[in-house]
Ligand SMILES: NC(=O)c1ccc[n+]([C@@H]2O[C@H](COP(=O)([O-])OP(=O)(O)OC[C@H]3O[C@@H](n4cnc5c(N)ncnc54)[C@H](O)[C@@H]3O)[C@@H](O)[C@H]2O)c1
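Only one chain is included here, represented as structure tokens and corresponding to the form predicted on its own.
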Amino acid sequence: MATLGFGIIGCGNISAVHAQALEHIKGAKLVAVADVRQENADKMADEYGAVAYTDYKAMLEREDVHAVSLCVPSGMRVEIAADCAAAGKHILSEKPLEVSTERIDQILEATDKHQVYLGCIFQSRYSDDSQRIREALDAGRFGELVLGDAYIKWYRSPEYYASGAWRGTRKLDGGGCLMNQGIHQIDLLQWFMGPVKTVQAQTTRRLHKGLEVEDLATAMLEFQSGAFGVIEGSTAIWPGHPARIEVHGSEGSAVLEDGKLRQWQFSERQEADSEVEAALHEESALGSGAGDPLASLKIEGHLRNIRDFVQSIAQGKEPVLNGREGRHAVELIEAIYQAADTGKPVHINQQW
């Protein structure tokens, strides 16, 4: 097809980033949007030249909608995704794909059955510096991996949680500072360090007592490679700090903050290292969600992520960041919650 027609289901904050990205992607066009609130659908449709629906199933009947962006709350996606797949529409879902691996597997079953592609949004993978770390790992520059850490020390106000009835609930949010906020860094950590073997963890509600989910969590990891790791997450730390990923090996170390390299050191230097080092203190293009979730809604990461999805469909191949790839972070977070609930180590048999 010459142009991939998109529909967006769910017209909340993140949907505007999808719509803006589509305006910049050759071969893609936003055709229709759907939201249960008429005013939300009308506003987005008017702004981006699309057709508004309050019934997403009616939108799925359009022949010019070939793919759908799922921007509804996490715990609402499995049923909608099944309808999209049955209608023959490719699916691009915001993170997490769903609130549990069981529900993700239902989505995968539906997309496999109806032979449509499933992609996931993890835009942090698409920053230039995240890609540099991945390339250095593939080239063996880190040597033996020793330690990999993720720190998400953020703040969310009571007003943030009160802004949507689904926020902070098990059913629709799936979890707190790990499943909602920290999942981007957890995905990056696994993408860099590989699958996890064993998890020990603890979680609590330190500040936001009325939530069903955690606002503070720590986990100790053993990766299948033998490396160790730590995850620290919170939405109770004022004023919030940059999200940080550290990758350490026997021959090199890198530190990433909000998608931007802050440390880049290797035992054997290469010519390109000077260019990287000169840009270590530049501002991140991804924005920071440390204290304000809207501040992190920059277009560039989504633009690259969605463009990859569009190009993959045009070429008739599975997206690089497909549904099974997007499942990994949820599987690890589930294991963290289980370890925290039981007080015992949890062993994961991740098959990548």
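Residue positions are given as counts along the sequence shown, with the first one as 1. Just so it is clear, the structure is predicted and the values come from calculations on it, not from any experiment.
The next section is about a form of this same protein that is not shown, the form predicted in complex with the ligand.
Shown here without its partner, the chain carries 40, 74 and 80, all of which come within 4.5 Å of the ligand in the model of the complex through at least one heavy atom. Exactly one listed residue, out of 36, 51, 295, 320, brings a non-hydrogen atom to within 4.5 Å of the ligand in the model of the complex: 36.
In the model of the complex, at least one heavy atom of residue 9 sits within 4.5 Å of a heavy atom of the ligand. Although the partner is absent here, residue 304 lies well away from the ligand in the model of the complex, with no heavy atom inside 4.5 Å.
None of the heavy atoms of residue 130 is located within 4.5 Å of the ligand in the model of the complex. Remark: residue 121 counts among the residues lining the ligand in the model of the complex, judged by a heavy atom distance of 4.5 Å or less. Partner proximity in the model of the complex, defined as non-hydrogen atoms within 4.5 angstroms of the ligand, places exactly one of 131-139, 206-214, 275-283, 94-102 at the interface: 94-102.
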